[in-house]
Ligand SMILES: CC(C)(COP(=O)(O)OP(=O)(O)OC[C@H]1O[C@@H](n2cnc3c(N)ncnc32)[C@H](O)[C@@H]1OP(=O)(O)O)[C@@H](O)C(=O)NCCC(=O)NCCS
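Okay, here we've got a single chain as structure tokens, the form predicted on its own, with questions on binding and movement later.
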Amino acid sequence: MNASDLREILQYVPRFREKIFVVAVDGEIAASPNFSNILLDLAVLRSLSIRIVLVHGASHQIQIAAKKVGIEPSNTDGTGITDKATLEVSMDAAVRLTHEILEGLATVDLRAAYANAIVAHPAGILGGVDRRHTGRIERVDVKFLRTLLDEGIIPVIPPLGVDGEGHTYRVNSDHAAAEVAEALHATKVIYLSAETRLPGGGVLPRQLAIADAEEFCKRRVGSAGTNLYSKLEYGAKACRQGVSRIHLLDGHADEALLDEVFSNEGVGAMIYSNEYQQIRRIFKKDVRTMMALIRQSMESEELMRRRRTDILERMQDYWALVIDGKLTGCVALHVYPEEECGELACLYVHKDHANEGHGIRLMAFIENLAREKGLKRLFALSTQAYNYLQIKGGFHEVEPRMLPAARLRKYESGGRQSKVLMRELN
């Protein structure tokens, strides 16, 4: 981890302190070699005073257990028909997995407890078919979960529900995670999935509004991608009920959990319930607003003067920071492919959003974009913000001769005498 990585993480710590994250782990992921890394990631979150509720699936374990006893399970994901034999296998497999997870959490010095917090009733007869021992989640025992959380204990919730008569029902873990998050007013649900691609090999967009997630579910054909669509469906419903962010991650990928939580771009797909703070390409209609945004900084010579036509000619280089639908900041990446370097330019955030970390976020975005383009260095020219670029962006001052030839000619003819700052992209 380098200094810029640490700075990026630290900007999130005040925002997430004492917030509740519901982490939902597929049974296949809990059985994977990467699960030990996930446990370490959970320990990092807890060290930052983030409250964790862990909900796990057990479909993978149920299939293995059913094969051992020689039965064909009637359903493994808690959405179809659960016959008596399948329920018994499910209970054994789920509770065993819960215990294994508790053991794993103990190895990373985390206190955890089995939480029988899902109150369920029979799903009943749907479409003329009796779902038998499949459950319908009625409510979540919030008081019990909050008692554990207040004591610094991670509740571990299996995909089982119990009614007031002591009957157990199989429930879907994706649904359970969403219901728990809604009941606890959680900030996030993070699904660590065994399945991350759409049928045909397609991938989800990085950011989905609720309506986008619901539209994906409507376009679903057949049973392919069931695991992923389940998370989209219940994630969208949780957003509708007030959970602000749902993250869908590849549970097999090392450090995916931390990379998603503590980075601007993330590594998975995210469903959001409100206007997301996003960085996007500028459109032609944005240019006038952008010119008004940076006009004062150009007049004070903090930013290099640009005309509207200058931006239009290189519009593909410019990116907008949009908060609540309003263009609030901007940045540009001008690429010099022969020298394998790029210029971070036109970095600006409106004063109403100063000191909120958006400048760091824009710099990190450009840094990631430059890496994606295969660039080895970033440079920036500044007359007034060079200290900021050095302290927050990891740049260091160099001689102007280090600039690409084309940029050096422009520098020498401009007369601004900007400081030249550079940073290597490892």
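Start at 1 with the first residue shown and count on from there. Just so we're clear, the structure is a prediction, and the values are computed from it rather than from any experiment. Take the two forms, superpose them, and find the largest set of C-alpha atoms that agree within 1.5 Å; that set is the rigid core.
Another form, the form predicted in complex with this ligand, is not on view; read the next lines as being about it.
Check: With the partner removed from view, which of 357-365, 397-405, 55-63, 29-37 is the stretch that lies within 4.5 Å of this ligand in the predicted bound form, judged by heavy atom distances?
Finding: Stretch with heavy atoms near the partner: 357-365.
Margin query: So, residue 50 and this ligand: in the predicted bound form, are they within 4.5 Å at any heavy atom pair?
Written below: It does not: once this ligand is placed as it appears in the predicted bound form, residue 50 has no heavy atom within 4.5 Å of it.
Margin query: So in the predicted bound form, is this ligand close enough to residue 392 to count as touching (4.5 Å, heavy atoms)?
Written below: Yes, residue 392 is a contact residue.
Margin query: Quick check on residue 302: any heavy atom within 4.5 Å of this ligand in the predicted bound form?
Written below: Residue-level check for residue 302: yes, a contact with this ligand.
Checklist line | Partner contact for residue 333 in the predicted bound form: this ligand, 4.5 angstroms, heavy atom | finding: No, residue 333 is distant from the partner.
Next item on the list: Just give me the single entry in 349, 210, 120, 183 that has a non-hydrogen atom within 4.5 angstroms of this ligand in the predicted bound form.
Entry: Answer to the contact question: 349.
Check: Which residues from 369-390 come close to this ligand in the predicted bound form, meaning a heavy atom within 4.5 Å?
Finding: Contacting residues: 381, 382, 384, 385, 387, 388, 389.
Notebook entry, point to check: Comparing between the shown form and the other one on the rigid core: C-alpha of residue 52 shifted by 2 Å or more?
Noted result: Shift at residue 52: below 2 Å after core fit.
Margin query: Superposing on the rigid core, I want to see if residue 115 changes position between the shown form and the other one - specifically a Cα shift of 2 Å or more.
Written below: Comparing the forms between the shown form and the other one, which are aligned on their rigid core, residue 115 does not shift its C-alpha by 2 Å or more.
Checklist line | Core-superposed C-alpha of residue 35 shifting 2 Å or more between the shown form and the other one | finding: No, the C-alpha position differs by under 2 Å between the shown form and the other one.
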